[in-house]
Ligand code: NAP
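Next up: a single chain in structure tokens, the form predicted on its own.
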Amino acid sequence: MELGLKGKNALVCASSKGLGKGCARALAQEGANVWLNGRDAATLEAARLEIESLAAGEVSSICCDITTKAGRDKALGATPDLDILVNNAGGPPVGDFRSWDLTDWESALNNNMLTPIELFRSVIDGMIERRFGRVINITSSSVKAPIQHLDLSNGARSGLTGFFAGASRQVASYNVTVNAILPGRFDTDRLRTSMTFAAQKSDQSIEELLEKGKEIIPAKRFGSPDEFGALCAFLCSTHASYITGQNILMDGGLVSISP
């Protein structure tokens, strides 16, 4: 299927690895001009070279911390006339809510709620003027079913979801869509990091917990970043112009939502 993304300009935040990288790879393969973003220059350059080798469009990189104003200014200054914005940032730490203070909450809200909103505000008017825009927010299945010990993430991502529930509908008539993909358990570094806390509270290794984790997923496996990227690319396509304001679970059937 031709997705109609050739020549479109896309900024994919936090895309040097994991789900962000999967999205960047899928968009590049479809012919979009993609700007990767990350904080570690070596990891980012390795990702750029890998994706460039299979891309049908131009692939560039912007080394910065997208969760800071300076980082956002740098990224937006390097990406003119954006057609596609994929919002992504590292998730807050796992832990006991009793140990978190106001600074922890402010960091979580800045990284996983306020930063995506600021980026959206910066690019939306250009998208409206050009009558094309696709905004994808990478959030979490915790938006639908909050996860124990991920309270910082539960709170920040739920706030982001609430904001975009209204904002997406205000821009829909201009062929600008805003959707969120809610990943469950994917084979990424983030998954292993989140398992560390659980391993510390049990007599099991991280690898043992990962194997047990697969068993509770109806699909009996973890998702792959390439699968995630394929959904992202479709939601950015010309074929998805009637899909907006949605929070799409991608979790192998793990979360069961009552009607």
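Fair warning: this is a prediction, and the values are worked out from it, not measured in the lab. Don't overthink the numbering: it's just position in the shown sequence, from 1.
Keep in mind that the form predicted together with the ligand is not shown, yet the notes after this line are about it.
When the ligand is considered in the predicted complex, only one residue from Leu152, Leu82, Ala89, Leu119 comes within 4.5 Å through any heavy atom, namely Ala89.
In summary, the region of this chain contacting the ligand in the predicted complex, judged by heavy atoms within 4.5 Å and restricted to 181-189, 158-166, 74-82, 119-127, corresponds to 181-189. For Gly38, a non-hydrogen atom is located within 4.5 Å of the ligand in the predicted complex, even though that partner is not displayed.
The ligand is not drawn, but in the predicted complex it has no heavy atom within 4.5 Å of Gln29. Taking the partner from elsewhere, Leu235 is found to have every heavy atom lying beyond 4.5 Å of the ligand in the predicted complex.
Not displayed here, the ligand is kept clear of Ile51 by more than 4.5 Å at the level of heavy atoms in the predicted complex. Not one of Val135, Gln246 and Leu249 places a heavy atom within 4.5 Å of the ligand in the predicted complex. Residues of 62-77 placing a heavy atom within 4.5 Å of the ligand in the predicted complex, in sequence order: Cys64, Asp65, Ile66, Thr67.
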